[in-house]
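Let's start with one chain on its own, the form predicted alone, as structure tokens.
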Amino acid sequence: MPKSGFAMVLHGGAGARRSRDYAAEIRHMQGLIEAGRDRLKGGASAVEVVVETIGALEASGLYVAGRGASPNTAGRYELDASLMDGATGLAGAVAALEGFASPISVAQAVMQRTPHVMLAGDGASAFAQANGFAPVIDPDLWFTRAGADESNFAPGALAHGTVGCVVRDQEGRLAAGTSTGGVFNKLPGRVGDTPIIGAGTFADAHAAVSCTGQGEYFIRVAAAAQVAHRIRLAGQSLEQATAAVLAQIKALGGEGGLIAIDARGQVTAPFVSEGMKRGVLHPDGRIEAAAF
């Protein structure tokens, strides 16, 4: 793969509603894209920028991931995240992780320090503790419950929020990552697409994809991997592949969106929902940030 320009896309979730003002989130995403651009310009790898960007999204408390998560129906905060390195095929994930500030960092450690792809529940928490990750001391004070004021859904409903990032670096390497607090009022133990490699996150030499929306639907169509496989096996363009996958999700009755980047640095951020918070660094250096 020839070396050429770098590019990146991030999302802050497809749960945006036109009744809310997202000026703060748009400013924040713009700043993260600018920071990612500078890191990539300095030679940072795709994986590094993905983890750093998602870590900042988690820490902000502005999105339904990391500090912005809401509790499940049992009052507990179970968080999910995943990361995939397209250059090596390595991946790491955590599901139903409790008690730690940055699920994406723990997912990266699973990828780098274990022979596994996913750790879940108590095992994920024990691994995070053993590896010295920052704990959440007081959940009631730490978590901001971002977006909870606009959910108003009954238990089991699929009001949602997620953050993610996809990157192509100067060396042409692709990477993708996703992190979430899950759907609002979720049942204990519920896991959506976010920590599932191939459903919520995927990266290979052809594309990197991060999904956001009603995860149950993204799992059913293997959304993230399907985009990459359509490009590799069917010869589809990035736009064709992502549109086909979202059409399947919409046909099933689901909503959401995704961000994707291909081997040439082409980027896209389509959605079949009311809105999707997103920031884009195009290969030509243009930056965009929007919610609708």
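This structure is a prediction, so every number in the text was calculated from the model and none was measured. Numbers for residues come from their place in the sequence shown, where the first is 1.
The form predicted in complex with ligand ASP is left out here; the points below concern that form.
Candidate site formed by G161, T194 and Q214: every one of these residues places a non-hydrogen atom within 4.5 angstroms of ligand ASP in the predicted bound form. Stretch-level contact check against ligand ASP in the predicted bound form with heavy atoms at 4.5 Å: of 176-184, 137-145, 97-105, 113-121, the positive one is 176-184.
Among heavy atoms of R190, some come within 4.5 Å of ligand ASP in the predicted bound form.
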